[in-house]
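As a starting point, one isolated chain is supplied in structure tokens, in the form predicted alone.
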């Protein structure tokens, strides 16, 4: 093993062949099914094999050593010490060099995973927040160079922080070199995309497709008069969908994936994975071929860069999301991480309703206690809007009307519903479906903006409690908790986006404020009470999480029934015992019997978050408004 760590030629060859043998069938069984009948399959096979070997030869020695460590510790990303943080480079610290100067701040939060929001070179102007990529092998010049990026990933690695970047695999910017060649008439590159000479096929596809951005990008196809083609554009006119039925796309994107891995990326967030395979008569989302492709990409990565894991971004229903973490033939072979969108939606739903019955039903019914070689990314919000993914069937199961409940949630978090504590803005209202999503920062949606505007100390305290309860929830439920930049200091909505031409049409910029380092300083100094309480609270939550081995993501999560609609309760079941986690979703006091908690495994009636005893002489555990309680 010592010789292998020196990366000598023989050891390199041996390691590569061992890893290729380990993942060979996972890779080629999928690719033969997808592309075996393609006339260029044998040429593709040789080119992919050569690309894997070339990427391995180019992999830096320190990353090969990290590969060895991760092979020996395959659960590294499931451990309770993992805490994530998502940031926009320019809004956090101007550029990559500035980010490097702020790494000690991230470490003070307990961060071991940092997601640099889209940082590859985007198209000029509106780029959908960076998701319209013009060059996968270059960094946005506003942030720095690829050399700057490699320096930051190395600095993060030295501090035990893994870097995540977005790998947009459904589409490229229309200014990408491939797209420019397609526009110029090169038939090979036209086959990189989905182009049509007339509207017959697009019209037939449209009958079953949904609109992602109905307000500013209706439809799924765009006509270009200059080269007389309809182009498939699911998201925006400037984002051209790739043709994954062409094996050349798999080859190109695998090369890009491994290029990024060799620059020090440890988590690849595969964007818009549900859309990558098209089939007439369907929504063209989550088709079986999506999972074949994702397993094959994962296998290619395990051959060359096993230190790297995949986060698959699929914001869909539970039944549709779980396969992205590997189900059936793909079990343990597909994504390592996927966003737990349902946990996020149910958190905000239960807060607004002051009722956890829907949350308990959804999370207790649709999700398995454990996953194979995978876990969730848990979060309260992200760079995107909140869509109310509550099915009519789940709503009916607890006596709710689905459309009415979704409308209630939109109105509540827009701030229009009587008695709402929240302040947000609508995003992409679709009158045909009634779908209306919501934008807003965690603090503003949790009530801090309205409370501070009204100078109401009690309302401010309640808003802070909601924020801390939510983060205690995502820290304990199972997976890697992700904090969005600024939530740790309770940043409020940024209404200035209305005056920025490239942002004004997109209310998601409301919850993408610039990092306020003066507010951080005031929080640290104790001169901003709300920011200080939230910052100190999150630091304690994540420090306690790291010290509780039962919160390892490999341990089962069991949602418990209490009979009290104010409470959401679950137990983390570990071989060493259980941790029972209790959350009060109301602004009123409630309680649970101490004997019930003991029966569920809480043998020590002491809160691990506050390090204080719980329970009273009457045999009950009193729970204050928005209580968060972890009991071993």
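If you're wondering where the values come from, they're calculated on a predicted model, not measured in any experiment. Positions refer to the first chain, counted from 1.
Separately, the form predicted in complex with alpha-D-glucopyranose (GLC) exists; it is not shown, and the next lines address it.
Residues 171, 213 and 384 are all found to lie within 4.5 Å of alpha-D-glucopyranose (GLC) in the predicted bound form, as judged by heavy atom distances.
Interface residue among 449, 394, 313, 266 relative to alpha-D-glucopyranose (GLC) in the predicted bound form, by the heavy atom within 4.5 Å criterion: 313.
Though alpha-D-glucopyranose (GLC) is absent from this view, in the predicted bound form it lies within 4.5 Å of a heavy atom of just one residue from 128, 487, 465, 241, which is 128. Not displayed here, alpha-D-glucopyranose (GLC) is approached by residue 272 to within 4.5 Å at the level of heavy atoms in the predicted bound form.
None of the heavy atoms of residue 255 is located within 4.5 Å of alpha-D-glucopyranose (GLC) in the predicted bound form. The shortest heavy atom separation between residue 235 and alpha-D-glucopyranose (GLC) in the predicted bound form is within 4.5 Å.
The closest heavy atom approach of residue 540 to alpha-D-glucopyranose (GLC) in the predicted bound form falls outside 4.5 Å.
From the list 298-306, 100-108, 319-327, 128-136, the contact stretch for alpha-D-glucopyranose (GLC) in the predicted bound form under a 4.5 Å heavy atom rule is 128-136.
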